[in-house]
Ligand SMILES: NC(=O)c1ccc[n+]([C@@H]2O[C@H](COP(=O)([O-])OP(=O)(O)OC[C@H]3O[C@@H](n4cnc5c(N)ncnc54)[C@H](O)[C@@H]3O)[C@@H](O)[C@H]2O)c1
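Okay, here we've got a single chain as structure tokens, the form predicted alone, with questions on binding and movement later.
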């Protein structure tokens, strides 16, 4: 019996990259997966189905409460509930490194809308379902940059710092309903989005050098922690942040 048999999971930002790896890994363990992204998620949905899993997909802007509510409704209609929410959608790949004095207010607001308000909207939308179930696992994707104070991307680091703080506060508010809320904080991970950055070579060198384990991080390095947080193995753990970055930052 797979670890997540009978579980339904929503993964945001999962049409490609790390989010797609999360969705596929959850499906391998028996979860029925609802995938959303601003890009069409059909390729990942079909890959999961071809491997014998169950998946649906929708185009969804996580900063728009109406489309997020529709996503949750469609997931519940298809799978009968929502036990796991992975708040993965975020702006990072197209962020240009720059001093904070050069970050336009509009760019700051857009990063915050997706990276911070997006998880807020998704948790609000899924709460009625999880509260009825008296059970749920919310997994917020944070970032190792929060623990290192990474410069030249203040809006991104601040948005992910807010995710860590939200995780702790949500854990306090949701515990009485049997809902666990934890965060997973990756280091710089070798995804297609990251490889497409013009400054990837410099970022890679700096990150590998800072790690205790001297190699690149891949999406597969995050799967064990993700499945732990999604499964019954972590049923008495909430409000925590698991940092998976090869020992670059430690807390």
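Computed from a predicted structure; not experimentally measured. Residue numbers count along the first chain shown, from 1.
Although it is not shown, the form predicted in complex with the ligand is what the next lines describe.
- Proximity to the ligand in the predicted bound form, defined as a heavy atom within 4.5 Å, holds among 141, 111, 126, 180 only for 141.
- Only one of 38, 47, 203, 213 comes within 4.5 Å of the ligand in the predicted bound form through a heavy atom, and that residue is 38.
- Note on the interface: of 141-149, 126-134, 169-177, 97-105, the segment with non-hydrogen atoms within 4.5 angstroms of the ligand in the predicted bound form is 141-149.
- At the 4.5 Å threshold, heavy atoms of residue 186 reach the ligand in the predicted bound form.
- Not displayed here, the ligand is approached by residue 18 to within 4.5 Å at the level of heavy atoms in the predicted bound form.
- Residue 93 belongs to the set of residues with a heavy atom inside 4.5 Å of the ligand in the predicted bound form.
- Although the partner is absent from this view, residue 61 contacts the ligand in the predicted bound form, with a non-hydrogen atom inside 4.5 angstroms.
- Heavy atoms of every residue among 88, 156 and 193 are located within 4.5 Å of the ligand in the predicted bound form.
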